[in-house]
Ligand SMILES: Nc1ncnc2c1ncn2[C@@H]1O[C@H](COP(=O)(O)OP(=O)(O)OP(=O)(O)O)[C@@H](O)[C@H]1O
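In structure tokens, the next block holds one chain alone, the form predicted alone.
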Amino acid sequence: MSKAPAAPVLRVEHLSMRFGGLVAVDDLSFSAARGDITALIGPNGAGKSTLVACITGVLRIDAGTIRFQGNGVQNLPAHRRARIGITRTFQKVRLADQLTVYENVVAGLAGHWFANSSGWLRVLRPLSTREAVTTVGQALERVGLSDVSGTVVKSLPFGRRHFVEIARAIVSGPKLLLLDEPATGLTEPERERLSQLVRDIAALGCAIVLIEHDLELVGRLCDRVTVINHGRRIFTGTPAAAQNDPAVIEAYLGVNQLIGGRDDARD
């Protein structure tokens, strides 16, 4: 059965980003709805990670608007966007390897509870309260890492570090979660766990934007796909429709062979 249309949590409108003479994102528009999993795909160098950096405030855009829950946020700094509910993971996992899993995940609460905190010691002491322990414990249980809360991150296998980063991103209860190639380097069982986790997070009402090269994963997981090439949007629709779109086939070699549609995906 098709899903009823949901209100957009994120709406990017006519966004452009340049690095000198290089146009990385060119007049691009797309949206992500509450409870939906929206894929953002394209060839290497298409501008996907640059777009994520623009949405999260790491890069300041040259033109366009970024609306989050109806409000323009393009002029807010990154920490303000995180505080109002925009979180992300990174293409290359970024964790404090010398700290424990708990300490890495609890850092996801720091910007919400201590806006003017400075230094790890000032942050981590108050974030060891009962409320923090409970909140972090719930996030770790959701990602399947309850058993390693006190383990130093550098001793964890590569795949489990991905889930630590996801736990840090969801511990504050975001309204928009951007996942930048979360399946990279995962084993098949870990990829299955990731798929179910992403579905569970979306079911809580979070809008998810998934940047991923694993097109089979995109096909079975995502509600909608936006394809970009050379910084421009060339397609938005269902994974099933993407595999027959001439512009997508031309830009993304073999995409019609690799993206499988979902039976319950909507236009």
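Don't overthink the numbering: it's just position in the shown sequence, from 1. Note that the coordinates shown come from a computational prediction; the quantities given were computed from them, not determined experimentally.
We do not show the form predicted in complex with the named molecule, though everything after this point is about it.
Wondering, does G64 line up within 4.5 Å of the named molecule in the predicted bound form on heavy atoms?
No, G64 is distant from the partner.
How about R232: is it within 4.5 Å of the named molecule in the predicted bound form, going by heavy atoms?
Looking in the predicted bound form, residue contacts with the named molecule do not include R232, since no heavy atom lies within 4.5 Å.
Taking heavy atoms only, is E181 within 4.5 angstroms of the named molecule in the predicted bound form?
Although the named molecule is absent here, E181 would touch it in the predicted bound form, with heavy atoms inside 4.5 Å.
Since only the chain is shown here, I'm wondering whether L10 would be in contact with the named molecule in the predicted bound form (any heavy atom pair within 4.5 Å).
Close contact is absent here: in the predicted bound form, L10 is far from the named molecule, nothing within 4.5 Å, heavy atoms only.
Would you point out which of 30-38, 47-55, 199-207, 66-74 contains residues with a non-hydrogen atom within 4.5 Å of the named molecule in the predicted bound form?
One stretch meets the cut-off, namely 47-55.
The named molecule is absent from this chain, but in the predicted bound form, do R60, T89 and L176 each have a non-hydrogen atom within 4.5 Å of it?
Negative, none of the three is within 4.5 Å.
Using a 4.5 Å heavy atom cutoff, which residues in 227-245 contact the named molecule in the predicted bound form? It's fine if the answer is none.
Stretch hits: zero.
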